[in-house]
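Next comes just one chain, in structure tokens: the form predicted alone.
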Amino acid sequence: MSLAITKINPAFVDVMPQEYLDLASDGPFAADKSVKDLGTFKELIEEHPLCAGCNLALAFRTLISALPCPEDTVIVGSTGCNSLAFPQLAIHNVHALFGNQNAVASGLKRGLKLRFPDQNKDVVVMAGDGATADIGFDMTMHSWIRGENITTVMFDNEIYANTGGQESGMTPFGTVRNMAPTGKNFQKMNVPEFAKQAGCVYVAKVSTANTAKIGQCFRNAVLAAREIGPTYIQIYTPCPTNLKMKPAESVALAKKRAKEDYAFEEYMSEEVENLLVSSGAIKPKVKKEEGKK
């Protein structure tokens, strides 16, 4: 996409809303911005209707700030809390039906490749655990098995937060939730392992306890999907509203889980590692000398 489309015709400057003027003059288009620069530029999403202390909103803001090329990105979302923020997002986005977001993203990516064969057009799916691992799990898996060049992000709050806090496939075993009053009676789905087995070339599991890590992993995932194959990121985003806790307590929970059963994990194929090293996105691993620990 030509950056000229983001510029304002001088004849209309005096009638444009200040929000757009700020984006055009101090937005992240064609700028080398990242999570560490938050607060220094006009973000693509700022105000939103999500609950106070929403960890999903924190993850969403972090992801958008880490996009390597926002002006050439389309985000595909699904029904859920995250879909309430999309109307405030100053970037191309599509609201898919509940569960079919990866199918929509697959067709969109193929169409953009035909229409713009010599340009990078990144397509990113952002959806909750219900849309990704329950209702839409078949379409999620098949996009990975087919090797679609898209990035999938799951906001994992381990419940159906938008409809009252019912259990989902991502709810931990034994946890009491609405519609699971005696505790969930089956294990949490290990979606990162499914992703690896289905052909994802980059997989990361992270939490809102480390926003810098979210940004770094997401950028790596988008770059890898652009060149090599499907990528997946799973982010723990505890919901203070349905967990009935104060926002500060949900942040503490994210930190606690990050030290226990939601510790950071990252997998990348050798091809992805070579790509990220050559692009300067990551540093090459230092091999230990033989015989030394």
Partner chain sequence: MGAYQVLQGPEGYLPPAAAMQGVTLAGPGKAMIEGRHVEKQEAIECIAEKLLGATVPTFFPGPLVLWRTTDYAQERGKLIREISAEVGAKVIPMPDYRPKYPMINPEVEINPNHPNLTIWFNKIDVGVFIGVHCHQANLALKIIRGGTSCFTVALCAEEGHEEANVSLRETDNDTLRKLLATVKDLKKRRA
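These numbers come from a predicted model, not from an experiment. Positions refer to the first chain, counted from 1.
Not on display, but discussed next: the form predicted in complex with the partner chain.
Of the candidate stretches 103-111, 86-94, 121-129, 151-159, only 86-94 has residues with heavy atoms within 4.5 Å of the partner chain in the predicted complex. None of the heavy atoms of Gly280 is located within 4.5 Å of the partner chain in the predicted complex.
Not displayed here, the partner chain is kept clear of Leu276 by more than 4.5 Å at the level of heavy atoms in the predicted complex. The shortest heavy atom separation between Glu260 and the partner chain in the predicted complex exceeds 4.5 Å. In the predicted complex, at least one heavy atom of Glu19 sits within 4.5 Å of a heavy atom of the partner chain.
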